[in-house]
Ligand SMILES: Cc1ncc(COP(=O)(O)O)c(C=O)c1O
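One chain comes next, on its own, written as structure tokens: the form predicted on its own.
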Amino acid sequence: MSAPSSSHPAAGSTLDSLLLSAIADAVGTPAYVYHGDQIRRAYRTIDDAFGEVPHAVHYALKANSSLAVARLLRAEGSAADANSMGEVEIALRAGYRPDHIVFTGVGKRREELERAVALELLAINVESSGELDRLHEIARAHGSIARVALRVNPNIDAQSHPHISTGLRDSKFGVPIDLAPAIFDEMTRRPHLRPIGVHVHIGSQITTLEPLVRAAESVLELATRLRRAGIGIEHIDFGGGLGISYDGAPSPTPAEYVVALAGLVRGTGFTAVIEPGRALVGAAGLLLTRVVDVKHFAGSRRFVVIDAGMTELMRPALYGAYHQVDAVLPRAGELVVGDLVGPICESTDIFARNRPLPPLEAGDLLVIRDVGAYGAAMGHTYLRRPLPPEVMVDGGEWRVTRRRQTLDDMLRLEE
């Protein structure tokens, strides 16, 4: 069943309290809300910052693969970065051409590689010599030539959470950068492979430019060396990973990051490819939730229980991640320190510990901010909790782009 297509007037261009209250009343809670104009502004900022430097902005679908979000960015002119064949298929349904899609991932199944070869994607980012062997065999069977980039690991610390750092030598991702020349030389001897790019991605939620620039310099040096050896490198894929400020702490802007990359690539003849995800959609997403209960006993903590949980937003449980929380219609009174917790039967289902919170009562509507990336994308149905609806606010109206899942939806695949 497709999502409802009816639209409703939005209160101006900002997501104000009356608008959020109206959405919550109409679709219930929990619910994701995205601000289309904010996503567009983020994309245009990144695209414009490259200036005249040849480039491509590949939206990292892993951040948020909702069709409405993917279609919006495709309409703006983005290309796509896919980390699974499911994301490749989403990109195609969203209107991306195969030659605008890069397919990456540390463990691509044979059937995924076969589909990627058949589609003639812009590039398949290879992770190992073994994958290279499998890809060449498949391309030969298809009688085609697969366009290939190699993901290299520059052994650079992203200085972010260990669970989302991918650029150190002991990471499962890519191949050590010092081994790359030999692997590229091997590619040139495979008639059904065409090496066209170098790829690097050292982690996620990176809030300083230094490791990103160091990684960029290392792959630029490698690409230059390969070209001098006669290998036709067309693009350098600098990956993604630029963070956003969840708590108000200083963080480099996407424009600052792009200007730094453009300064490195300008005049080299290489096309710069980047894969922003969080930087495009993170701040444009909200999670609406209602207070279910407030618990406080003598000698114990104060707990504010909400109807959203780790099923709707995994980041706090996975990484201890911070998200700002506000009352949509605040009550008068002093802030009170407490824990904001979800309803899931797990002790990790906590959004905030010892956080100063406004006076709250059961039924109050809250907004959890900056969930546009890795909110819905990591949503799951633990405890048979249905996936929430998704709402897009755009062009003076709001519409439901994914209806709330039902139990029948969940059971449809079961006998």
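The model shown is predicted, which means the values in this text are computed figures rather than measured ones. Throughout, we count residues from 1 along the sequence that is shown.
This protein has a second form, the form predicted in complex with the named molecule, left out of what is shown; the following refers to that one.
In short, of 385 to 393, 34 to 42, 351 to 359, 55 to 63 it is 55 to 63 that has heavy atoms within 4.5 Å of the named molecule in the model of the complex. Contact check for R151, G241 and E275: all three have a heavy atom within 4.5 Å of the named molecule in the model of the complex. With a 4.5 Å cutoff on heavy atoms, H199 counts as touching the named molecule in the model of the complex. Proximity of E312 to the named molecule in the model of the complex falls outside the 4.5 Å heavy atom cutoff.
Under a 4.5 angstroms non-hydrogen atom cutoff, the named molecule in the model of the complex has N83 among its neighbouring residues. Shown alone here, Q205 lies within 4.5 Å of the named molecule in the model of the complex, counting heavy atoms only. If you take 97 to 123 and check each residue for a heavy atom within 4.5 Å of the named molecule in the model of the complex, you get just T104.
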